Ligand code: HEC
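Given next, in structure tokens, is a single chain: the form predicted on its own.
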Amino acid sequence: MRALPLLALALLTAGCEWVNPMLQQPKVKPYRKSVFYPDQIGMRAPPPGTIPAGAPADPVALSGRSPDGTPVARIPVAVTPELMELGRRRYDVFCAVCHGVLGNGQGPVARNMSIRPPPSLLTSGQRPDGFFYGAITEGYGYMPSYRPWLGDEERWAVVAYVRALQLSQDTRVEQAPPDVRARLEKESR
């Protein structure tokens, strides 16, 4: 019974400003004056080099561009079998309908485009990896941006898979590893 008055007192005082210092904490609200800064502007731009929360720590991996603004020549993330598999799955869902399963520009959508069909990715081998990442991120020609559907790692995975498609089209059977060569020769019989 003694706890009931203490509980009532705690509930009554919980809403009081003198009990809850969080109500009077100093803070800056957007678009309001601030006495903290000499220019009295409360809303500040983030410091140069600030990276969004959850983004890779490497700005090159985030943008696909080197510090001078040119597309990076090589993928700045580790290319692993898992990354390649992720790239294959995402390519099959988002890219193959236009660029074709082989990357040759002969997808089902491309066959019905009369204005300008999508390019073959196989003949674009001389372009840097950052170019492909930028095209996926920002869009290119009639291709829209896939940033809303593909995360940073997924976009790099697609770039890695496109490179694998390019290599696969120019590789002779004799250049394949022995186990792959044996399987290919067995399937061709």
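Numbering starts at 1 and runs along the sequence shown. Here the structure is a predicted model, which means the values were calculated and not measured.
What comes next is about the form predicted in complex with the named molecule, which is not displayed.
Heavy atoms within 4.5 Å of the named molecule in the predicted complex are found in exactly one of 40 to 48, 131 to 139, 60 to 68, 27 to 35, that being 131 to 139. Of the listed positions (A73, V79, M113, L102), a single one reaches within 4.5 angstroms of the named molecule by any non-hydrogen atom in the predicted complex, namely M113.
Though the partner is left out of this view, G107 does not reach within 4.5 Å of the named molecule in the predicted complex, counting heavy atoms only. Shown alone here, V97 lies within 4.5 Å of the named molecule in the predicted complex, counting heavy atoms only.
At the 4.5 Å threshold, heavy atoms of L150 reach the named molecule in the predicted complex.
Although the partner is absent here, L121 lies within 4.5 Å of the named molecule in the predicted complex, judged by heavy atoms.
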